[in-house]
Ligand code: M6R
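Before any questions on how it binds or moves, here is one chain, the form predicted alone, in C-alpha cells.
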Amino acid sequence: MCGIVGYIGSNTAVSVLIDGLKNLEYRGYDSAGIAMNNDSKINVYRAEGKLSNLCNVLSSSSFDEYTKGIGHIRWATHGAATLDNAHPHKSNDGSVVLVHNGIIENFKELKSELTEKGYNFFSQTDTEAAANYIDYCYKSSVSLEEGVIKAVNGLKGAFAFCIMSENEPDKIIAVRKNAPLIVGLGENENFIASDIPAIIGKVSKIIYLDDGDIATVTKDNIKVKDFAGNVVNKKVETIAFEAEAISKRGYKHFMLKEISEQSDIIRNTLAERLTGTNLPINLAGVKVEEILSKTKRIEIIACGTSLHAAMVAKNIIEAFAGIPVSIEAASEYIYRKNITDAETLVIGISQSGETADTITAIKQAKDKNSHIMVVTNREDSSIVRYADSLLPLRAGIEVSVAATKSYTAQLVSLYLFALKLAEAKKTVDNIDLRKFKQELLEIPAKLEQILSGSKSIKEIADKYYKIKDFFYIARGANVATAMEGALKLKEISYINANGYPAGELKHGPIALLDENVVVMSVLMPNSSTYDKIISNCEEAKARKAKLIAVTSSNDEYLNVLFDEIIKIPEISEELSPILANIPLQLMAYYISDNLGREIDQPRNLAKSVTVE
C-alpha cells in the first residue's frame, strides 16, 4: 500500500509533491507527509488523516526555496494512524530522512540492535528502524549511496524507499525490493513515484526499477546499481497514459465515472480480440497450444474482487473446456502445501499487478514449473515478469478503490480465454460457439442499456439506503456475482452485506432475516435452478425480508414476490454475470452516496495491497 513521490529539480518541490500525492490517495489516506531539502536543512511536515490535513499544515508558509523533496501517503500497517507514525521518518540526528512502502520483517531485531548502540525510537513503525539503520550504515561509509547499499543488505522484507540526507543534498536515493517504484525523466528535473498517476502530465519517459535496484537520482542524472554495488543499465520507456485518465470528467466520483466507462472498455476489448462469430478468438499473449499440450488441471489464484472473477472463470472453463479448475485466495495458497506441478496451469489475477500475496503465490507456482498466465490491468506491473502467458485487461487506470471496470474487464477476458480453449479443444459445437461469440459482441450495447436505466436503480437505492443488513443470493455462475455485489456495498457504504449461494440461506443465515433486512437476488429465467431460487426467495419473504431481484425474466409472478425488480437485458445464464454485476455496482454507489460516504476512498482500504 502507501504512496511515494519524490522530486529533484529547479522548480518548487512542494507543489509537485502535493500534486503527486493527490493522485496517489487511492493507495492510502491514514496520514500524509513531506520532507523538503533547501541544501542546508531538511524540514519535515506531517499530518494525520487525509492529504487535505497536510495541505492545511503547509498553507501558512512559503516554500519557494525548496527544489527537492519526498512525500508519502500512508496506509497503516505497523503502528496506528497517528502523527508519530506518519512518514517521512528521520534518523535520530535528523540528517537522514526517508519514506517507505512495504514491511521490514526484521525491524524488531534492528530496533534492539540500534537501541544498544544509543539510538532512540519515537514511533511504532518498522520504517523508523530502517531510517536509523541506514543512518548507522552511512556513518561508516564514504557516501550515502554506499551506506544505503550496506543497509539494504541487512533488511528483510519488502520495501520501496526514497532517501535524502542533509550531508548530500543534491541527490535522492530510490530503492526497490518487492514494492513498486519508478523514476520519471524530465529536463533538469527528475521524479520518483510508487505509481504512474503521481507523475502523469509531468514527464513522458520513465524507468521501471526492478527488485534489487538502487537509483541515485540528481536533477540531471540517474545512476542505477544493484544491491552488490554493480552498475545496472536500465531501459527508458514511454508512459502509456494521458493526464485525462485520472480526471473525473465531470462525474461526482471516480467510481461512477469508471462504472460508466465499462461499455466502451468492453467494446475496445472485443474489437481487438473477437472480430466476428466465424473467426477465431485472438489472444496474442496467451500460449494456448502450449497450455493445452501440458495442462491437466488449472489453479486460479487471486484476492478480493479478483477472487470473484476467478469463481466465474472456474464455472465457465469447466463448462466450456472440460478442464478441472480450483480457485484459492492467494493469502491461503502461499502458506499451505499444495499440489501445483508442471501439468498445472496457474492463473494469477490482479488488477494492479502489485498484490503481494498473489505475486508470492505466482512465484511459488513458477518454482514448480507450472505455466503461469497473468490477468492484469497493468502490463507494467511486477507480476507480469513471472508470466509465460499474459492476458491484459486494458481497462485504463482505475482510481476509485472499489474495483468496477477492472472486474467487468476481467470477466470478459476470462470468457474469451475459456471460449478460446473450447475452440482449440472442440469441446463446444460450432453452433453454440458462434452463439456465445455473438452474445459477447452484444455485451457493450446491453451494458449501455443498463447504464441508461441507472435512474431507476438510484430510486431503489433511495428507498433502502438506511437498511443496516443486506443479503445477496444467487445460484450457479452468479454466486460470484452475489458475493461481489455484497463486497461492493460493504466496501464503500460500511453496511453489513454478505453473499451466499441461495441454497445455503436455510443452513444458518436465514436466522438473521426479518423486516429490517434486504435480500438481493440474482436470478436468470433460463437457469435450471430458476424454480429453486424462487423457492429460496419465498423463504426469505416468509421471514418478512425486503426482496429485490436482478433479472432478465418477464415472469409476472416476480411482481408479486419481489418488492423491487431491476431488469437487465436477456442473455444466456453462462454469460449473465457480466450484466448482472452492473446494477449491483450502481446500487452500492447510490446507497453510499446517500449516506455521504467517501466513495473513492473508503476507510481502512487501499487500492493496491502491496504487503502480505
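The structure presented is a predicted model; accordingly, all values stated were derived computationally and were not measured. A residue's number is simply how far along the shown sequence it sits, counting from 1.
Below, we refer to the form predicted in complex with the named molecule, which is not included among the displayed structures.
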Joint contact, Ala313, Leu411 and Asn478 to the named molecule in the predicted bound form, by non-hydrogen atom at 4.5 Å: no
Contact label in the predicted bound form: Ala402 to the named molecule, heavy atom within 4.5 Å: yes
Any non-hydrogen atom of Ser306 within 4.5 angstroms of the named molecule in the predicted bound form: yes
Distance check, Asn101 to the named molecule in the predicted bound form, heavy atom within 4.5 Å: no
Exercise: Glu491 in contact with the named molecule in the predicted bound form, heavy atom 4.5 Å: yes
Candidate stretches 292-300, 180-188, 495-503, 348-356 - the one whose heavy atoms come within 4.5 Å of the named molecule in the predicted bound form: 348-356
Contact residue in the predicted bound form, from Met373, Leu487, Ala361, Ile450 (heavy atom within 4.5 Å of the named molecule): Leu487
